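Next comes just one chain, in structure tokens: the form predicted alone.
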Amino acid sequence: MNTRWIYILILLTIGIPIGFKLALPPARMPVAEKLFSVVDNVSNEKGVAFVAFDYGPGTSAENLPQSQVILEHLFRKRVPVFIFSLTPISEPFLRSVPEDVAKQLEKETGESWQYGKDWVNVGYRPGGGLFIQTLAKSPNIPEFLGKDVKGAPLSSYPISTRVSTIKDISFLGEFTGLVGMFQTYVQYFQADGYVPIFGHGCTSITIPEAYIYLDSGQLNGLLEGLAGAAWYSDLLRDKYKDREPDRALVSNTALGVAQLVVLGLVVLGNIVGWKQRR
């Protein structure tokens, strides 16, 4: 088969599910189920969630759907969220993801989610592990963080009344494909014996490394690449019946179909080669 036709076939295989928003049932991911249960039990009566988007365009195919489904779940539960990052390449996602999730939920439910009340973007924070250590030990986190990305004092937003110290952070979510980034949170996001419930989203190649922390209990739930995000999304669809297929489900469907086509082409090529040799 001409290489050009192979490329066209793969393009159609990926493009059709995405274009028509087709979503096939994803494979069950037990650790994603565990994370779903953890987030579903986070209280919205007190405290806040901190969510770190430590990824950029290079790993957004996996990390972006992960951060979307977790943020959506927290928004649905009305858990206020502080969004930040330790890497500057995440800036566009810090702005776009919560806005997109809020718009989607407003369209579906008719309710509203407000910046400053339901979420706040504190932007890129330099310093890596030193920043995390200082934040974890701060007696007044809004005062330590200072301002949001708009330059407004965090104390001017209602969300700041929900948090003072790390003990007011009920959930920490972190999504990354960067080497060593996840370990920074494991080491330093804790103080005085308190560690928030911790959920992580990783790329496919770092799954074995993440399982070490899951088995040790330092991690409470995990999204394994795009497949983990798709299963989490399917769980959200089961819980919220009016929810439409999202990026995670559609992308996972397109990827799965494309992989089947590639396998089929490999088998076909071997059959043709075998017949020619005979």
Partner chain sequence: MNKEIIIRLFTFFAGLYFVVEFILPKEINEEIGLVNIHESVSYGFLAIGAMAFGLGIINLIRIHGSKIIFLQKGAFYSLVLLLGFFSMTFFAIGDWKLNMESSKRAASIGLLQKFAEKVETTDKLELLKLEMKKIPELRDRADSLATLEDANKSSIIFQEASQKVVNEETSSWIKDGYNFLNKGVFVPLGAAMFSLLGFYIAAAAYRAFRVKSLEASLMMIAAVLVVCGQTSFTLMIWEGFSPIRNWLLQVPNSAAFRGIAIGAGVAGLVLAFRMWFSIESGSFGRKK
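Numbering follows the first chain given and starts at 1. Treat the numbers as computed from the prediction; the structure is a model and nothing was measured.
The same protein also exists as the form predicted in complex with the partner chain; that form is not shown, yet it is the one meant from here on.
Comment: 22 to 30 is the region of 22 to 30, 40 to 48, 231 to 239, 66 to 74 lying near the partner chain in the predicted bound form, near meaning a non-hydrogen atom within 4.5 Å. Taking the partner from the other structure, the partner chain in the predicted bound form has no heavy atom within 4.5 Å of any heavy atom of residue 168. Residue contact check for residue 194: none of its heavy atoms lie within 4.5 Å of the partner chain in the predicted bound form. Contact check for residue 224: a heavy atom falls within 4.5 Å of the partner chain in the predicted bound form. Using a 4.5 angstroms limit between non-hydrogen atoms, residue 278 is distant from the partner chain in the predicted bound form. The partner is absent here, but in the predicted bound form a heavy atom of 207, alone among 172, 181, 207, 81, sits within 4.5 Å of the partner chain.
The partner is not shown here, but in the predicted bound form the stretch 98 to 120 reaches within 4.5 angstroms of the partner chain through a heavy atom at 114, 115, 116, 117. Cα-Cα spacing of residue 258 to residue 207 is reduced in the predicted bound form versus the present form (difference of at least 3 Å). Relative to this form, the distance between the C-alpha atoms of residue 18 and residue 74 is increased by at least 3 angstroms in the predicted bound form.
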